[in-house]
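Taking the form predicted alone, here's one chain by itself in structure tokens.
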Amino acid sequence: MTQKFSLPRGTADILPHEVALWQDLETKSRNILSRFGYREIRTPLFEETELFARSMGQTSDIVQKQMLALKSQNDEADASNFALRPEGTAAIVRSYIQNDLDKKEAISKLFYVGPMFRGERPQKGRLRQFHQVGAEAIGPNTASPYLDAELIAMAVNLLKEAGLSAGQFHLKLNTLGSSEDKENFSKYLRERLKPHLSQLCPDCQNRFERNVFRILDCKNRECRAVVAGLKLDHSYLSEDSRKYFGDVCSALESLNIKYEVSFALVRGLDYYTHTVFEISCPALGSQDALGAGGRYSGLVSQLGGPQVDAIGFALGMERVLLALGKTEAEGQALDLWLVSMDEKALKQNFLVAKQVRDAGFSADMSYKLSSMKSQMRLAGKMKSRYVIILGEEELGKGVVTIKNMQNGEQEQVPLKDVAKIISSLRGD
């Protein structure tokens, strides 16, 4: 019995009727990002595992539970040192350092589009292979609340350009302050959470010592109730950090970007400092995050590069498409379908199709003879704007019949007069 294969669990085929939706989102994303001065960068699908461990933190859930490591069939010594990328920032920073971009430009505005990989339990909108569009601004001149606000506005504009209305998504904003502020916040959280430790889920009891900020992200109902009872505020922030965050908020307001300050928003990765944000779509249910980002001023130096500032974000493309509520794109209309009534006509139409394509138009045909009704049905499925009909009668006269599928009008034109056929297509 022949074995049938299925796609790996947690992955999805993007079929032809869906691809146009993806292409549209990618095109609009590239247009928006380019408008803000960002340039595309493409990094490998896998990197050294240690890069992700150092950037995201050994205690992060991604590193602890979700990393997809590579294994060589040849048992190469270094095979286990690589993992498929779970996010884009670490690879961008690695490339920034390795290619000495700090010596070539004062600020590097980079964006990426592509697949990421995490060994998660698959859910709707949460796959093991998923896709992100993201952007990073890195350089010594990037520690500015205006850049923070601009990058957040860019993410919002991208969603609007994709087709979401302002009412369909929600922007939450917070600050972790400087590294010193973040450490104070960590101590503050442990002090406040310690009396409630027994009420937390087993995972959060683990996180209490290893990464207390992750408790604020927990979806467990009891944990959420404990966090809500803490009544968090910005008392841990220094005066400078308060001013910086205030300037970010003011800049967003000047751009008419609506937001909500969420004191419990921290993001789970170790590298974030100062501004963090998340954009969600409540209509998506429990997996409602469309994207997120923030500032990570210490990451570049932590990975062996210069002491420069940085900020970035990523949007989940599957989530955005789910929020748009579209599952199938409108089929791309074919310019011309060629109907052949006999073998001689088939041979001639084969050459006509070439001439039409060479002129820059799309053309297709049935490569085996069938009834005219069957071929016309195919033309309809292809949403062809025009149909050329060629049979014994037309060949005898040296003409073809061209039919406008929108209004049903048809006329005969000389077989040799392909230019007139092209002109008819162009003039519609």
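Don't overthink the numbering: it's just position in the shown sequence, from 1. In this text, all values refer to a predicted model and were calculated from it rather than measured experimentally.
The same protein has a further form, the form predicted in complex with adenosine monophosphate (AMP), not shown here; the description that follows concerns it.
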Heavy atom of each of 21, 26 and 160 within 4.5 Å of adenosine monophosphate (AMP) in the predicted bound form
no
Counting only non-hydrogen atoms, which stretch in 189-197, 175-183, 287-295, 352-360 is within 4.5 Å of adenosine monophosphate (AMP) in the predicted bound form?
287-295
Contact between residue 109 and adenosine monophosphate (AMP) in the predicted bound form at 4.5 Å, heavy atoms?
no
Is there a non-hydrogen atom of residue 130 within 4.5 angstroms of a non-hydrogen atom of adenosine monophosphate (AMP) in the predicted bound form?
yes
Quick one: is residue 134 in contact with adenosine monophosphate (AMP) in the predicted bound form, heavy atoms, 4.5 Å cut-off?
no
Whether residue 139 contacts adenosine monophosphate (AMP) in the predicted bound form should be assessed with a 4.5 Å heavy atom distance threshold; does it?
no
Since exactly one of 207, 85, 274, 319 fits, which has a heavy atom within 4.5 Å of adenosine monophosphate (AMP) in the predicted bound form?
319
Residue (of 170, 118, 214, 94) lying close to adenosine monophosphate (AMP) in the predicted bound form, criterion heavy atoms within 4.5 Å
118
